[in-house]
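This document opens with one chain alone, in C-alpha cells, the form predicted alone.
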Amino acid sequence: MRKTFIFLLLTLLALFIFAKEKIVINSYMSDPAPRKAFAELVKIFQEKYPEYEVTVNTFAHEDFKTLLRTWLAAPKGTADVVTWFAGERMRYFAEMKLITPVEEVFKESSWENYFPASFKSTCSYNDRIYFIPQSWYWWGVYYRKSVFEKYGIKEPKTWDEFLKVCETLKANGISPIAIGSKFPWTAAGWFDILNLRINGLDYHIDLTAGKIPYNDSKLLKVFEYWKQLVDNGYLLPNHTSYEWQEGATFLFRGQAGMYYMGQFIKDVAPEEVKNDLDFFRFPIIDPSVPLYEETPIDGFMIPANAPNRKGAIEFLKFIASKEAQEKFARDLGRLAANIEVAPPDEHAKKGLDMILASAGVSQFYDRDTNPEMAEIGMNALIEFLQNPGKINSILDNLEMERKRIYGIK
C-alpha cells in the first residue's frame, strides 16, 4: 500500500514538474502563406523553449475583427496573445483597458534597440507600450509586367497618365482597375491615397482624428477624382461581390490591369505569376502636395484577461527578436519591424526605397480612425462607389455621424 502511494505521489510530482505551460494565440493570419510562415515561427519558439506548448487558433480575417472585441471583453480570457494592428485600433483597446502594457519585452534593453523610434508612438498609449510590431509593408499600384509590355504601357507618373493607361487597358478588353470590395477596407485604401495626394498628410490625419467635417469642400474634391474612375467604367464590374483575394485573381489572370493594394497581394498570387508582378507609386495628382504613402504595421498584443501573461511575454520577446522577424520577412517578402533585419529581396527593397523617399506615411483609414466612425465611413465609401451621384448626401450623413461619435455640437 505504502509503495503504491509513493509511486502515485512521484508520478503526480513528475507530471507537475514536467508539465508544459500553455500559450494560446488567436491569429488572423488565415491566408495559406502567412499561416504557414507563422506556424513555422511557433515551431521554432517551441523548440527553443520546450517548457511551453503553443496553440494557435486561426480565424478568417474579417471574422477575427468582430470576435476580438468579444474575447477581450470576456470576464475570463482564453487567449494569451492576439494578432492586431498598430495605431488607433490598438489604442482603442488600450483606452478601454482591454489589453496590457508589454514593456517587459524590453526589460534588459529598450524599444530603440529593436524597432525604429518612429514606430513607438503608433504602438503606444499614454506613454505605455501595448503593441509589438512584427512587420510592415507598403501599398502600391500592382500590375503584371507582361500585360503592360504587351500593350506598350509604361508606369504612369501623373493622374493624366494614369487615366491614359486605364483607357488603353479598357480599349483592349481589360478591366483597368481590379478591386474586391465585399469587405469595404479595400475602398478605404483608395480613399486614403486620393486624400493624401490631393489634400496631404496633415489634412488626412486631422480628418481621421475627427477634426475635419466630412462635408468639407476639400474632401469633396477627393470624390470628384474618384468619380472619374467610376463614371469611365474603369473599376472591375460587380466588385462588391468579391473579397480582395477574388478581385486579385482578375489581375493574376490578365483580365484586370492594376490593383491598388498592399504588398501582401503576393501572398495569394500563383507561383507562376509572382515574378511577373510589379508595382508603382500611386500617381501625382497635385504637384504641390508632397508624396505620402500608406504603411500599415502588423503585430501582437496581450489581452488584459490573458490566462498566461508570463508565457505571452516570453513569446513576444521571441517575436521581437531579429531571428523571428528575419524569418517572417524572408518567407513573405515583408519588411521586418526589427531594425537589424534588411529587406529580404529586391521587391521589398523597392518598397522600402519608395517609403524612405516619401514625405510621410499614414497607417490606414480604419487603423487611424475611431472604430465606430471607421466602420460607418467605409460603408459610406462603398455606397459612393455604387451611387456616385449621391456623394453630397453621403458626406452630409457622414458629418452627422462624426458629430455624434466625437460629441461635437
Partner chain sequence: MMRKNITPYLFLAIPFLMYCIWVIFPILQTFIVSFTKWDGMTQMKFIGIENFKRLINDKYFGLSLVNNIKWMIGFVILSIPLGLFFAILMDQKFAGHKIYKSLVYLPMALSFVVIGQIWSWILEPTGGIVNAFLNFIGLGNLAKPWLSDPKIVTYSLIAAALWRQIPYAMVLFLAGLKNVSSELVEAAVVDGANAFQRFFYVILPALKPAMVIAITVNIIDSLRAFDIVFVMTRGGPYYSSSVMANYMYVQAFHNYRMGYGASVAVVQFLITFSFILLYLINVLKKEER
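Values in this document were obtained by computation on a predicted structure and should not be read as measured data. Positions refer to the first chain, counted from 1.
The following text describes the form predicted together with its partner chain, which does not appear among the structures shown.
Comment: 232-240 is the region of 75-83, 325-333, 132-140, 232-240 lying near its partner chain in the predicted bound form, near meaning a non-hydrogen atom within 4.5 Å.
Contact with its partner chain in the predicted bound form, judged by any heavy atom within 4.5 Å, is made by just one of Asp63, Glu51, Asp353, Glu40: Asp63. Shown without its partner, this chain lists Lys182, Lys211, Lys274, Lys150 as candidates; in the predicted bound form, only Lys182 has a non-hydrogen atom within 4.5 angstroms of its partner chain. When contacts are judged by a 4.5 Å heavy atom cut-off, Glu340 does not count as touching its partner chain in the predicted bound form. Interface residue remark: Ser30 is not counted as part of the site for its partner chain in the predicted bound form, having no heavy atom within 4.5 Å.
When contacts are judged by a 4.5 Å heavy atom cut-off, Val361 does not count as touching its partner chain in the predicted bound form. Although the partner is absent from this view, Lys349 stays clear of its partner chain in the predicted bound form, with no non-hydrogen atom inside 4.5 angstroms.
For the partner-free chain shown, Pro371, Glu372, Glu375, Ile376, Asn379, Ile382, Glu383 of 353-384 come within 4.5 angstroms of its partner chain in the predicted bound form, judged by any non-hydrogen atom.
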